[in-house]
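Okay, here we've got a single chain as structure tokens, the form predicted on its own, with questions on binding and movement later.
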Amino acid sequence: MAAPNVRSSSFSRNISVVSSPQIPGLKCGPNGTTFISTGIRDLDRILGGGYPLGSLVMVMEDPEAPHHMDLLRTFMSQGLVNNQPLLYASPSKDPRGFLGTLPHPASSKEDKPTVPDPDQGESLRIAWQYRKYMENQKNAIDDYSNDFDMRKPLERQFLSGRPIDCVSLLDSSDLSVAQDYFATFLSKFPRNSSSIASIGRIAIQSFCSPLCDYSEKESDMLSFIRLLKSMLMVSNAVAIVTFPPSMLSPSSSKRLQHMADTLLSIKAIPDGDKELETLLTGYKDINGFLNIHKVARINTQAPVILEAKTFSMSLKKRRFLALECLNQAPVDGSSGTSYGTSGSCSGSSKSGALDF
């Protein structure tokens, strides 16, 4: 019997097949991008999955709002929970002492924020197939990211025996020593197209602090960040750097912002602002604002479309860090409904939309 004719083409897609991540704390994204969690589930959702591997995250500090520390703490805690090597640098004499302020992941169902519980399926008589699907989805989220209790310190089991390196930038007259330290750390995570064996996390606090001897050498700081970004591009690692832009010249601040793959900023909320209180719902629960200026685009030139660029930062149940879209309060001044999970930044249907 003659073999059937199979139509073939001389053209074929040249796509390298990358195996799915086998280590915890990784998520596959579009265009071959691999994400690691920011440590804040809302921020993971807003950024489209988290921080891409090989990216540089810059956070502009506000001297009146120390909430950039929360971004660092959750980022570092998420890495330690997933047993990912960590390098932390800060302008303090004892940077290892900062590890005692890292938050602990919520372990019990009572400690976590309100989420759909798949165990309620029996009372609602939901099919067991759907209940199993919900359980698998929930387990996949827990393996990737956690909810962190900002009031509970990280337990010793996540600190002892973990690959943690701490560097003090206080007494560094230049950045050459720190440059060698970071290069040695990133050399442990070379990028391989076939698989990912391990990933690293770098957290740098107040990089341009006036406490450091190199704070007046802006050209050296720019060269350091440029070199750090080039090393990240060929490594399975992510670095988050916070810096006070007010301590730099406008030109140097703009150049630092331009080198960032993901650019965020923290803004303090004014105390006793009556106009803002009547404008926003949940004003009393807001601790500050998070502005997203740029989102990393890896392996693509398509822009990332965000639901909003400014989000309120608050503590749910006074413990869990949450980000929500800014919502316009009703015209009568009564309390409105939060639309943080719906993706809508407009106010009620009776009033006109207010675009932030």
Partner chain sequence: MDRSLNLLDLALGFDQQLLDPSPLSGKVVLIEDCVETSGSFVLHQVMKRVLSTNSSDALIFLAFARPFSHYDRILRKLGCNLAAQKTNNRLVFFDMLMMKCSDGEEIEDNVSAVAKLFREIQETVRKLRSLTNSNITVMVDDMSLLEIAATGSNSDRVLDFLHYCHSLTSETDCSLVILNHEDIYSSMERPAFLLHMVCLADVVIKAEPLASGLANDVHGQLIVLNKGISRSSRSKLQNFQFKIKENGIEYFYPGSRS
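Numbering follows the first chain given and starts at 1. Everything quoted here is computed from the prediction, not taken from an experiment.
Missing here is the form predicted together with its partner chain; even so, the following discussion is about that form.
Using a 4.5 Å cut-off to its partner chain in the predicted bound form, each of 179, 233 and 250 places a heavy atom inside that distance. For the residues 157, 219, 195, 184, the 4.5 Å heavy atom test against its partner chain in the predicted bound form is passed only by 219.
Contact with its partner chain in the predicted bound form, defined as a heavy atom within 4.5 Å, holds for exactly one of 215, 172, 223, 92, namely 223.
In the predicted bound form, residue 28 stays away from its partner chain, with no heavy atom inside 4.5 Å. Its partner chain in the predicted bound form comes within 4.5 Å of a heavy atom belonging to residue 303. Taking the partner from the other structure, its partner chain in the predicted bound form has no heavy atom within 4.5 Å of any heavy atom of residue 87.
For the chain shown alone, residue 66 is not a contact residue for its partner chain in the predicted bound form, no non-hydrogen atom being within 4.5 angstroms. Only one of 318 to 326, 290 to 298, 41 to 49, 66 to 74 lies within 4.5 Å of its partner chain in the predicted bound form by heavy atoms, and it is 290 to 298.
Of the residues in 49 to 63, none comes within 4.5 Å of its partner chain in the predicted bound form through any heavy atom.
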